[in-house]
Ligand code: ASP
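Next comes just one chain, in structure tokens: the form predicted alone.
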Amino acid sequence: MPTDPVLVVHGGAWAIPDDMVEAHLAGVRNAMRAGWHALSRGGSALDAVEEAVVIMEDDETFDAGRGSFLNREGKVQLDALIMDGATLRAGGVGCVERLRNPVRAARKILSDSPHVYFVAEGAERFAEEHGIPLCKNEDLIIAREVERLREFQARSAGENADLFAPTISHDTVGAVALDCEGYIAAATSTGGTLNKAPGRLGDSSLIGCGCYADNRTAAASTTGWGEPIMKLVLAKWAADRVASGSLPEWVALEAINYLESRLNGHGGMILLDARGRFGIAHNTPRMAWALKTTGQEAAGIQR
């Protein structure tokens, strides 16, 4: 039975500065348009979340793809996951350094591999073997982030006490979608945290943590401080509560409250079920988001 499509995207939850608000709003709107274009042409929910996330990976505003935070050694290391709610198939990459769009490689893993997850050089080799060109790590680095890392390292003098503060950017990007066939999907992509140790993996690309989709429950994408989100397997935690009959609008709020009360964590979540009901929640000063349905289109920096 045909259903009305729904798309929700996010572009990070943190204390987004006033002078970056418009860039974030423009970025999530552009992502929404790309994802909706896929849906409106009869594309799948997987197509929609992939195309939406690619736009944000290509946008230097966000901590994904080019323009991502640099790790302690001054390199970009990227993580991404995409998941199909109809089949529970998923594809993920972690700690890749030579992929402009890690979500493209994640989608290729979902469709062309019996495995779910590839990391580092193995992920890059898989991508190249499946027609995804590699780039130099330097191509992903921009001057803004070189200076940001320099300032942070000078200020912290080796201490990471404020590494996960809400004032430090958590510009992880993500999308959830419902297509005309009634299938849902989710995708999340990130450059991780500023000055992270090389090889550190956050929640974004871990199934059930920063990304999850199941037609019987819900599709979720998170952003924020990854370690507490991982410990709570927060995306799956939220999806399971939708299965018990709770509205995604309330479950998203409940999940973020749980993150804070249990582990003093901070971040945001978008959540969507196969009936087209959605939730957007965060406990940071701001969160960039956009949504579109057949009867509604909106974007904001708070909700």
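Note that residue numbering follows the sequence shown and begins at 1. Please read these numbers as outputs of a predicted model, since none were measured by experiment.
Keep in mind that the form predicted together with ligand ASP is missing from the display, and what follows is about it.
Although ligand ASP is omitted here, in the model of the complex all of T172, R200 and G226 have a heavy atom within 4.5 Å of it. Listed stretches are 101-109, 88-96, 135-143, 192-200; the contact stretch with ligand ASP in the model of the complex is 192-200, by a heavy atom cutoff of 4.5 Å. Interface membership of E57, defined by any non-hydrogen atom within 4.5 Å of ligand ASP in the model of the complex, is ruled out. The shortest heavy atom separation between D63 and ligand ASP in the model of the complex is within 4.5 Å.
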